[in-house]
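Here we start with a single chain on its own, the form predicted on its own, put down as structure tokens.
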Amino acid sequence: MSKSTPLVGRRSWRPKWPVNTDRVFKRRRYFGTKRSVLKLQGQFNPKTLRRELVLTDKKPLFWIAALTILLVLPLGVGNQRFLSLFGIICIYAAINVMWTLIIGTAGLQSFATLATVGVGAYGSAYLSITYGLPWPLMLVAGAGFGALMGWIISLPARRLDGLYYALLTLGLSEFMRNFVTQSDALGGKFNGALFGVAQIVPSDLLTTRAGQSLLYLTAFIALLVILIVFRWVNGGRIGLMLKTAATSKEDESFASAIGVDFQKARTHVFIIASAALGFMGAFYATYIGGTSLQIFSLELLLLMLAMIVIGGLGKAEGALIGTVIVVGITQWFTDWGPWRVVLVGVLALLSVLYTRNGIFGLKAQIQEIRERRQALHRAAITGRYAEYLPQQAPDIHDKSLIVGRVFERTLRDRLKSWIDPDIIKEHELKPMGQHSDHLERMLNYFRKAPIPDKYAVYCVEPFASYRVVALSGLPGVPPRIVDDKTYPSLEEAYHAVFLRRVNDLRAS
């Protein structure tokens, strides 16, 4: 191809590799789920004449790249502030992923996320200070406290839903804050501050770069654990059942009709997510060496809600990217003062106004807008028998369709140039007799037209009355009458059909 030849259209890059047709390909799935690790599709390559496996979903590759950057970048920079920032990102992202599981998969409008995290943090911290519980058992205790909290919160969900349930769970954070403030055992004398717990990294190592890197590595591993839990629940049997039931507005009745215990499945998801949130609360306590009332604050809850709104509800990748954006703005640009919170609010408002589901809903939204504009553009410049546009060619595997469309367009243009009063008069005089070459070619083209909407003559009364109809092309579906005119002879009816076909040819 010469350099002056412009490239038309675009081809999406998709990894592909040849396969051995003598062996059966076994699809790999995530452990305990029904989701494939890689969505592969077998295709035939017309150039190499071989079968190939094509990766139809590149999301796992993006996940690997994003997590690799999240792991390597802070460790490579090695700055203490940088490591601390990304450690907070990992912790908040893990919490948001579980919140997404509750709101998206379970369909519960719960705002008790931080309350559950706080219960895990304060409960495990109390056991560590009072009974000398080591940090591995703190994580187990935090998960247990979280599961218990989730079971208690899930009980009202059987009778309350929507706004009422959201308000009930929203008040739990304030209730827990007041309880901690008035409890001496939980640091009420020190305004809810409870420090001195067993740390996951010894305090003497925290002043070194190796200790800070190790501390960040533990936060990254905690995020990976939460992502595994999300994939296990969302892609497993419980998640698939809830997604199936959510296809109808009447979720509970529809689920019961197909044999799914909707309330039980939602409760299971909520308890599992709450256990994971309690685990993260205990990890947060071991990460910083304690906990405080900030974990119950409404400001933090709203910031985490903004993270989900900006990134995209119901998607783990949305929770991750939304956390990176919001934490990056609020924790890195501290010199901006309150304006950084205003910026977060503006981003959340723009996401609500102009996107359907945050940043990760933009791709589908932009693709839909693009396809709609392309359809309008094609409709404006093409007709029913027009040629394919150049940008359509890369997506058409059978190139004979393009040649056939070009031939069809050329043939119709040639036939339209033959239409004149003489050829119409010729058909009127001898609709069933001998015809000239041009008229015979035109009639042959009309006869080869597809059956649907093809004009035909319908005999109302033999040798006395005829009408013009359009065939349906479907078995058992009668033809439709196109007008109210009746013709006394078969020759006049044939000529009426010819005139209609000529008018359609001119209009194309």
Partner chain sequence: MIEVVISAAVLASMYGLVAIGISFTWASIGMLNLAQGFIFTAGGYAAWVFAEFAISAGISGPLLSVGVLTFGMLGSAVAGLAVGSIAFLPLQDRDNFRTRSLIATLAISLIGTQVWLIFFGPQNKPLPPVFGEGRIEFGNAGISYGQLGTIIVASVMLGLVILWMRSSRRGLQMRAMMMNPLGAAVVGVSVRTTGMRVLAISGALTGLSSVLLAQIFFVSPTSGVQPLTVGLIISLAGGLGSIPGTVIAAGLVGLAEAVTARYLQQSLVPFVLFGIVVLILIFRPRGLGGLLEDVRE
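Numbering follows the first chain given and starts at 1. None of the values given here were measured: they were computed from a predicted structure.
The form predicted together with the partner chain is left out here; the points below concern that form.
- Only one of 205-213, 425-433, 331-339, 267-275 lies within 4.5 Å of the partner chain in the predicted complex by heavy atoms, and it is 331-339.
- Although the partner is absent here, Q109 sits close enough that one of its heavy atoms falls within 4.5 Å of the partner chain in the predicted complex.
- Taking the partner from elsewhere, D413 is found to have every heavy atom lying beyond 4.5 Å of the partner chain in the predicted complex.
- For the chain shown alone, G144 is not a contact residue for the partner chain in the predicted complex, no non-hydrogen atom being within 4.5 angstroms.
- Although the partner is absent here, N178 lies within 4.5 Å of the partner chain in the predicted complex, judged by heavy atoms.
- For the residues G289, G361, G345, G236, the 4.5 Å heavy atom test against the partner chain in the predicted complex is passed only by G345.
- Checked against the partner chain in the predicted complex, the residues T218, S84, Q294, T355 give one hit for a heavy atom within 4.5 Å, which is T355.
- Proximity of R35, L320 and V324 to the partner chain in the predicted complex is absent: no residue of the three has a non-hydrogen atom within 4.5 angstroms.
- Taking the partner chain as it sits in the predicted complex, the stretch 167-183 comes within 4.5 angstroms of it through a non-hydrogen atom at L167, L168, L170, G171, L172, E174, F175, M176, N178, F179, Q182.
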